[in-house]
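Here's a solo chain for you in structure tokens, the form predicted alone.
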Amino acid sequence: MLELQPMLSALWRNKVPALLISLQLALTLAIISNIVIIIQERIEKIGRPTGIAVEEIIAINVMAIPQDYDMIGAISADMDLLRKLPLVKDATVTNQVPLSQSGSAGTFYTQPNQKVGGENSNRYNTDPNFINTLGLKLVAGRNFTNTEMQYYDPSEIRDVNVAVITQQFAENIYPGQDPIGKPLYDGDSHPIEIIGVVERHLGAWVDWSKAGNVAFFPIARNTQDINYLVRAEPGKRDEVLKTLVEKLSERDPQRVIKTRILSEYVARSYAGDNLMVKVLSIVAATLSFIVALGIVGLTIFWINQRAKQIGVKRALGATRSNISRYFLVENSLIAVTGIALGSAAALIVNQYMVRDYSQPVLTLVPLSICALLVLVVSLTAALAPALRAANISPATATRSV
């Protein structure tokens, strides 16, 4: 029953539909395997630790109405107010909101007046409370002190003396070295001393190739608008959110105040990645369903064509399981051929995508898993028709066709 010769002969007589199914399986495997690594990359990207206590933080934008508004004085009064509010863990001032897809960056160097090389980094102006407010982990050195804070107008030019940087930035700009006490140069001759290193902070742009390169400076500028970050006690964020605008407006009504929870910024930043994961998952599922329908249709077609032959085999003693196994093995031969072709196509397509679109490399592990899934889909699709073939009565052999 399970000799290959009659199976191969039957497949050869029906070579066109068998070839079409093999090519369909090959195309499905080539597409799905590359879809899987793209989905995997996006899921890993979305799941990256931010280094920030995202669920506890509220972002506040304060925009002054008068053109001559004293923002420096307002920052001091607002910080004192916010830090004393019930259920508030800490608050800080910043020129940009983390993970908001909006911010500033610069290139830093290890030598004075260096103009080439260097390392790009997101840069934040903030105060000594930023580590506690964001929930960052200081892994080396120290934080800023209040005496190191600089408050000045945007028109003023002042040298920044100290910086706290992320561990990733430290490893990139001073690989294999202890960065504490070493200088950063902003394209001039003034050294900025690295005084501390925090474990992680993704920065403003989640899609940036340098996401995680971040430098913090103790600066607050007298601008027309400013951002505050407020960290609530765990589970109390929404309760704190209700009172923030009211309290800040009571203290000084000459501002427009907007609030947003940090998790909304994160969701918006990863919206494109989440959409891609969903769309590609639907595409993969649809392709699998289509190829399964093709296998079902082909198997039923063959069974109908060979109903009398099956009846003869049943009359000669073939059991139902023999008949079912015959069609499953026959289907497996088609599937294995398609998988072999699809594996080669998947690797070729992936090389093109890696070269021209910077997509992740397809390795043998995900390819093998996808090949196994395609084989399972193929056999599952053929199972119902194969069981139907097993129910063909031996009496069929005596009927005229």
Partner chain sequence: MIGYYISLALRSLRSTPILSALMVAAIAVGVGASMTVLTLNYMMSQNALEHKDDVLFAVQLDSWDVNKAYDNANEIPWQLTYKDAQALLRSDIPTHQVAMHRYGFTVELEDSAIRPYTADIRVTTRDFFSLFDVPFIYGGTWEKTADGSPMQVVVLSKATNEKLFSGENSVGKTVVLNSQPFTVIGVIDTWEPSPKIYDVNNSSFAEVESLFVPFGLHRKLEIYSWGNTNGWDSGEEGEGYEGFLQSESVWIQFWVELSDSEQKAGYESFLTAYIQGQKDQGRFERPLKFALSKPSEWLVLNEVLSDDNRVLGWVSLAFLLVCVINAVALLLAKFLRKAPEAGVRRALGASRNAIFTQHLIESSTIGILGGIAGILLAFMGISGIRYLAMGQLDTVARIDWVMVAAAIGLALIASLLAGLYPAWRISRTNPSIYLKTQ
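What we label the rigid core is the largest C-alpha set whose atoms superpose within 1.5 Å from one form to the other. Numbering follows the first chain given and starts at 1. Quick caveat, the model's predicted, so the values are computed rather than measured.
Not on display, but discussed next: the form predicted together with its partner chain.
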Choose one stretch from 357-365, 372-380, 47-55, 334-342: the one whose residues place a heavy atom within 4.5 angstroms of its partner chain in the predicted complex. 357-365
Candidate from 290, 87, 139, 241 lying within 4.5 Å of its partner chain in the predicted complex - any heavy atom: 290
Contact assignment for its partner chain in the predicted complex, among 111, 224, 132, 172, heavy atom within 4.5 Å: 224
Using a 4.5 angstroms cut-off on non-hydrogen atoms, would residue 155 count as touching its partner chain in the predicted complex? yes
Is residue 77 a contact residue for its partner chain in the predicted complex, using a 4.5 Å heavy atom cut-off? no
Contact label in the predicted complex: residue 191 to its partner chain, heavy atom within 4.5 Å: no
Partner proximity in the predicted complex: residue 384 to its partner chain, non-hydrogen atom cutoff 4.5 Å: no
Is its partner chain in the predicted complex close enough to 43, 217 and 319 that every residue in that trio has a heavy atom within 4.5 angstroms of it? no
Go through 262-285 residue by residue and record those having a heavy atom within 4.5 Å of its partner chain in the predicted complex; state none if no residue qualifies. 264, 267, 268, 271, 274, 275, 276, 278, 279, 280, 283
Comparing between the shown form and the other one on the rigid core, is the C-alpha shift at residue 296 2 Å or larger? yes
